[in-house]
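There is one chain below, alone, in structure tokens, taken in the form predicted alone.
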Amino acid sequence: MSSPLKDPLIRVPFAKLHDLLYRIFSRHGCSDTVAAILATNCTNAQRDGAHSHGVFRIPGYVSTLASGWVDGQAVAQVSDRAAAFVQVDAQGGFAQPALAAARDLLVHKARNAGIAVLAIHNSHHFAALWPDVEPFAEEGLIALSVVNSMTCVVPHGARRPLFGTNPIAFAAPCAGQSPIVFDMATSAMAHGDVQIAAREGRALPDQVGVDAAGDPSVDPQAILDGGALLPFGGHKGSALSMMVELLAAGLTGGHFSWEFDWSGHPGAKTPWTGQLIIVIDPGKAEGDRFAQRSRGLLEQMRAAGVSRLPGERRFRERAISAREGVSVGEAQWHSLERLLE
């Protein structure tokens, strides 16, 4: 597989990148509120080295907005359903503004009841999932979120794709350091990482996906062109992906991964599904001890020989970006600027 020349990297201030992305979202049909939230989400991902969910996603957002598939002006409708349950209809818009609209109520309920659930439906999620949960951990809360996506994963033992990549994200406070945060697809590889590998001409590891004939393939383009991804860990990853479908779609009222049809909207990229977020106040059980116990667990993991803890790479990249600016491909930056023309 041939490998094209890599795009030279440049470093730009966080605020400069955020402003450019905000103007792009505004230019292509988003309200000021939605543009600001999406720009922050994408800039944070780029800052932390999560490039498959950073500026790489912007052309997909733009083409989706142009297709009429998603409403960039949508105002989410928040419903207080029970003592520890909040439901949000995203009104055909993006999931992150829906979360922002319900966040204060969700935290209030979690503080009062010890736990609270946020169920988002009629929503589009096209970003990394960890930015949705990390802010809760920064407030001393535990957060777990699941979101399903478009059909592109073959369940274990099946013959055709059915599930989405269906990620799970978790965040918890940790005394004296950044929160413990992880975000993982239940597929063997995130769909965005496959797209980046195809763009860069890189082969994938074995057991990531299959081609259109159902044969194992390490060619990312073959997986994208009529092929499919596999779940990680065989039947275990497949079971987790099923769980995500039930929680993110079945429980919230959102679409399952196979239940929407975007064929009438050429250029649409964002899955129209659902999201569930569970927030727990550990103070109700352990007081201030939970964050200390979290740190104790990490210390034991390091003592056992764990060389890289969950989230460490992102926090390291974040520190570098704070000192040197956010890393962006030079050609990629100019492509972003052209989206304002």
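Throughout, we count residues from 1 along the sequence that is shown. Remember, it's a predicted structure, so these values are computed and weren't measured experimentally.
There is another form of the same protein, the form predicted in complex with ligand PYC; it is not shown, and what comes next is about it.
Q) Which one, Gly227, Pro179, Pro271, Gly72, lies within 4.5 Å of ligand PYC in the predicted complex by heavy atoms? A) Of the candidates Gly227, Pro179, Pro271, Gly72, Pro271 is the one lying within 4.5 Å of ligand PYC in the predicted complex.
Q: Name the residue from Pro161, Pro231, Gly192, Gly93 that puts a heavy atom within 4.5 Å of ligand PYC in the predicted complex.
A: Contact check passes for Gly192.
Q) Of 112 to 120, 99 to 107, 205 to 213, 183 to 191, which is the one stretch near ligand PYC in the predicted complex, taking non-hydrogen atoms within 4.5 angstroms as near? A) Flagged stretch: 183 to 191.
Q) Looking at the partner-bound form in the predicted complex, is Thr252 within 4.5 Å of ligand PYC by any heavy atom? A) It does not: once ligand PYC is placed as it appears in the predicted complex, Thr252 has no heavy atom within 4.5 Å of it.
(Q) With a cut-off of 4.5 Å between heavy atoms, is Thr165 one of the residues that contacts ligand PYC in the predicted complex? (A) Taking the distances in the predicted complex, the answer for Thr165 is yes, it comes within 4.5 Å of ligand PYC.
(Q) When the contact criterion is heavy atoms within 4.5 Å, does Ala197 count as touching ligand PYC in the predicted complex? (A) Contact check for Ala197: no, nothing within 4.5 Å of ligand PYC in the predicted complex.
Q | 4.5 Å heavy atom contact, Ser149 to ligand PYC in the predicted complex | A | Ser149 belongs to the contact set for ligand PYC.
Q: Determine the residues of 24 to 54 with a heavy atom within 4.5 Å of ligand PYC in the predicted complex and present them in sequence order; the list may be empty.
A: Sequence-ordered list has one entry, His53.
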